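Look below for two forms of one protein chain, each set out as structure tokens: first structure 1, then structure 2.
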Structure 1
Amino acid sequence: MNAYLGIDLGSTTTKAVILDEAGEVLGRGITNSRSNYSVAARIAGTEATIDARFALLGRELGDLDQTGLPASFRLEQYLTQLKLLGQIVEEEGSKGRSATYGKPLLDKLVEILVAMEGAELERFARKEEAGSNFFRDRAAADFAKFAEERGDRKGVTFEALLAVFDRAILRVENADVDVSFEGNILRAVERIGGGDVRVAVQKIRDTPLVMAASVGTGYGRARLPFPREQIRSEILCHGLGAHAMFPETRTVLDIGGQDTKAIQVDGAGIVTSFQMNDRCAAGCGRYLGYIADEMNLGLHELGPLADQSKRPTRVNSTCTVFAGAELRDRLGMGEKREDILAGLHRAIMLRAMSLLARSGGVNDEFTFTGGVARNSAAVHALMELVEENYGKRILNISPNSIFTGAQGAAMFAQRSFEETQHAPAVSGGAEVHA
């Protein structure tokens, strides 16, 4: 079957969405962006393909979780990557300054890798949810834990072990490691004892999934290995993606890590006007990151804490440069953390409000996307301001809002493919992991 791939190369994460021929979302994939954008794009694409395969499998088998196959597949993927990590760790442990530690270091590394594998298998047996989808995060946590147990102040130190890991993980992330569906699914099936699942898996595995067209978007889109005509601006993709998720959308606000966008779209999801923040990062997700660091909090803790405020502080400046000093100053004067945070959230939303006003206001329905849309205090502050200034508006926030841009890109891919179908010359699609 034909499918369409959209990739959104963001500053912090890379997202991929696959659509089927009916334009329905078949799969989504996400990975952290890294220095090598094409690797990030490939991994996100692979993840989305896997997700798509599982979706197709789900159509055959119903609830897949009951079979234990998805967890088993994740385990196989993890082990595949861990195996590569083991090889690279060994190489790195014999190089440069690490080499001075000699065999003791290498021995400890092997012990750690073995322990990591054991830990993952145990988690699988206990049906424990993974803390993160990213190999890097999970491996780093385990490695650090076991390295700390084995580090030795006089001999092979914790730092020496970690230094090897830091070098190795970079190589693993950028390596061509096979985490694909077909590369791992059969082992996953065997691990859960095969059975009825095997037939369905075989069928799905043999169904060709042809990426008839793909489109890239996002901050790093110019660095995607795509021809020019397959690149679309994230403004257009966001507008179209939001339209697909909520067809009555007329205004989209996207607050990401690096920038804020206010977009107006028509009934067909076509952008009619947009505004982006200026070079100042105030009012973006990154600003909240600074604040979280300054307060020694996790990013996800900010919103709930701010929600507890009864008397929000009036914060006039959202200058990132002064954020830290202002915060300390206010804390020093005895103001409550939740009040300051509530004030800060409001201040950020004031910036968003001015962009919205520049772009043409807030029209019904209003769709909020981007990482900051997951912050409850930000959402409350925004809705309060919207209502004060524009009246009541229907607010849409999708749990998949992070994929808005990628979904829009996939839709553009589908449209351009369908257009070329009517044209005489057809540029062929590529078959991805059939």
Structure 2
Amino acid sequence: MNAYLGIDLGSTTTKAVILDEAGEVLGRGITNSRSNYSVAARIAGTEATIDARFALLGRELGDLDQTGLPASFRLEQYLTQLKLLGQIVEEEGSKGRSATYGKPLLDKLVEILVAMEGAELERFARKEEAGSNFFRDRAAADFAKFAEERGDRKGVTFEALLAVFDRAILRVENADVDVSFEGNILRAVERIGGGDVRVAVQKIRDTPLVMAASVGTGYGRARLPFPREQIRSEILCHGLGAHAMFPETRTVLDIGGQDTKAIQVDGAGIVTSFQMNDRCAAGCGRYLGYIADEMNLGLHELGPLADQSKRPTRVNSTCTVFAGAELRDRLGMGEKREDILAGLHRAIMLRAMSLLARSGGVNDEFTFTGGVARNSAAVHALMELVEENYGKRILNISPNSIFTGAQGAAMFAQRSFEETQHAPAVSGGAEVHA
């Protein structure tokens, strides 16, 4: 079957969406953006293809979670990457300053990797949800835990172990390791016992999934390994993607890792005006990440903590350069973390409101997209400010909002392919109709 691929290369994450021949979303994939953008695009595309295969498999088998196959597949993926990590860790542990520790370092590294494999197998047995879809995040958490247990101030230190991991994980992320559906699904079937699942898996595995067309977009679109004619503006893609998710949308706010976009669209999802802040990370995901680091919190903890505020602090600046100093000053004055964070989120949304006003205001249904749309405090601050300035508005936030740009790109890919198919052939200056 033909399918259409959209890739959105963001500053922090790369997203991919695959549409089927009916224009419906068949698969989604996401990965960390890397210095090697070709690898990031390939991995996101692979993840979307895997998701698409499982969607087709779901049509055959019904509730896939009941079979245990998706969890078994993710385990096989993890073990495949962990095996490569083990090989690279051994190489890195034998080089440079790490080599001065000799065999004791290598022995501890082996112990840690064995413990990591055991921990993942235990989680699978308990049917425990993975804390992250990214191998790096999951591996880093386990490695740090087991390295801390084995680190010795008078011998092989925790820092020495972590230094080896930091070098190795970069190589794993950029390696050509097979995490594909085809490369791991049969082992996943064996792990759960096979049975009736095997026949359906073989059928889906043998079903050709042809990427008839692809389009790239996003903050790093110029570095995507796509021809220029397969690149579209992220403004256009976010506008079209938001319209596809919520057809009555007329205003779109996208806050990503590196920029903020305020977009106005018409009834067909065509952009009529926009404003974009792309010269400063203030008010974007990168800024929130910086604040999380300063407070020694996870990015996902900021919103829930800010929601606990009873008296939000008035924040004067959202400049990333001065954020750390102002944050430390306020904490030093005894202000509560949740109040500071609530003030920060409101300040960020005030910047977004300025862009919205310059783009044409907030009209009719309003859609919030991008990674920051997952932050509850950001959503609450935005809703309050919109109502204060424009009155009641319908605010749409899709659980898949981070894929909005990639979905718009996939829609452009499908349209491009269909236009090519229906375009009349030309020979000697005359149209030739088949």
Partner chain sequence: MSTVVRDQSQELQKQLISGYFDSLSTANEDGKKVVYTFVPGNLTELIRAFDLLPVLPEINALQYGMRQKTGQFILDAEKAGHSEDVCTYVKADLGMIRAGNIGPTGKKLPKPDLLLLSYTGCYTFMKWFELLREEYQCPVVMLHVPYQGDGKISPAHRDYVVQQLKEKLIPALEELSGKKLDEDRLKEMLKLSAMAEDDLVAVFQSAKAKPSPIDAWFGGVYYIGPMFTAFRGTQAGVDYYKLLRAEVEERIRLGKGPITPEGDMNQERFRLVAEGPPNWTSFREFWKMFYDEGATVVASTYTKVGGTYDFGFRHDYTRPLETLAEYCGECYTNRNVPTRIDMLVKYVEEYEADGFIINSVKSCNSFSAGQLLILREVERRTGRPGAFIESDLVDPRYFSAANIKNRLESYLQMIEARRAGGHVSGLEVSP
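Model, not experiment: these values are computed from the prediction. The first residue in the sequence of structure 1 is number 1, and each one after it adds one. Each form is matched to the other, and the largest set of C-alpha atoms that superpose within 1.5 Å is called the rigid core.
Assignment of forms: the chain in structure 1 is the form predicted together with the partner chain, the chain in structure 2 is not. Comparing the forms between structure 1 and structure 2, the C-alpha position of A242 differs by less than 2 angstroms, with the core used for superposition.
Fitting the two forms on the rigid core leaves the C-alpha of R28 displaced by under 2 angstroms between structure 1 and structure 2. Treated as two rigid parts, the chain shows its smaller part rotated by 9° relative to the larger one between structure 1 and structure 2, based on C-alpha superpositions.
Core superposition places the Cα of H345 3.1 Å apart between structure 1 and structure 2. In this core superposition, A292 moves its Cα by 4.2 Å between structure 1 and structure 2.
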